[in-house]
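A single chain comes next, written as structure tokens; it is the form predicted alone.
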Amino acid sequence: MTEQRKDILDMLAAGKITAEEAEQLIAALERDQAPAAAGLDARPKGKVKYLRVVVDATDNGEPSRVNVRVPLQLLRAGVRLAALVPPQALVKANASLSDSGVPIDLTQLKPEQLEALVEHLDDVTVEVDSPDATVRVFCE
């Protein structure tokens, strides 16, 4: 049973959706999974736990590798902690981030938005190739 199917059944059991809605969701899920299963690079779907960044580079002719695995729970905890930061400090942090070229509004960062982002991260793979380095960002 896939994680998505289990979530649908859990919502049905909790009374959040009707049996008809559950049936429609499962049918849509099966339609979406059929083409994905045919793909050669299809990864097993499950709840993503880590954001992985892998960099293979050549520095002065020497190969080097950076392999970072960040637990998404750390990201979730950070968002929850941001709610405790005083608004005046968030305004200063936003200004500093903007001055550095990072246009993020920390006052708009909400835990429920993060969950929606994390839910879709398993579909994201970023690969960057340059003459001296290869960068891969993906979730597992």
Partner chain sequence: MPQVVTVRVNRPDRRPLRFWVPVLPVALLLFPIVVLVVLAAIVACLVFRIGAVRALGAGWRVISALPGARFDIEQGRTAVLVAIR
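Residue numbers count along the first chain shown, from 1. Computed from a predicted structure; not experimentally measured.
Omitted from view is the form predicted in complex with the partner chain, to which the following refers.
Novice: By the heavy atom within 4.5 Å rule, which residue out of 113, 67, 98, 108 makes contact with the partner chain in the model of the complex?
Specialist: In short, 67.
Novice: Considering non-hydrogen atoms and a 4.5 Å limit, does the partner chain approach residue 74 in the model of the complex?
Specialist: Yes.
Novice: How about residue 86: is it within 4.5 Å of the partner chain in the model of the complex, going by heavy atoms?
Specialist: The answer is yes: residue 86 has a heavy atom within 4.5 Å of the partner chain.
Novice: When the contact criterion is heavy atoms within 4.5 Å, does residue 81 count as touching the partner chain in the model of the complex?
Specialist: Yes, residue 81 sits close enough to the partner chain in the model of the complex that at least one of its heavy atoms falls within 4.5 Å.
Novice: I'd like to know if residue 30 sits close to the partner chain in the model of the complex, meaning any non-hydrogen atom pair within 4.5 angstroms.
Specialist: Answer no; every heavy atom of residue 30 is more than 4.5 Å from the partner chain in the model of the complex.
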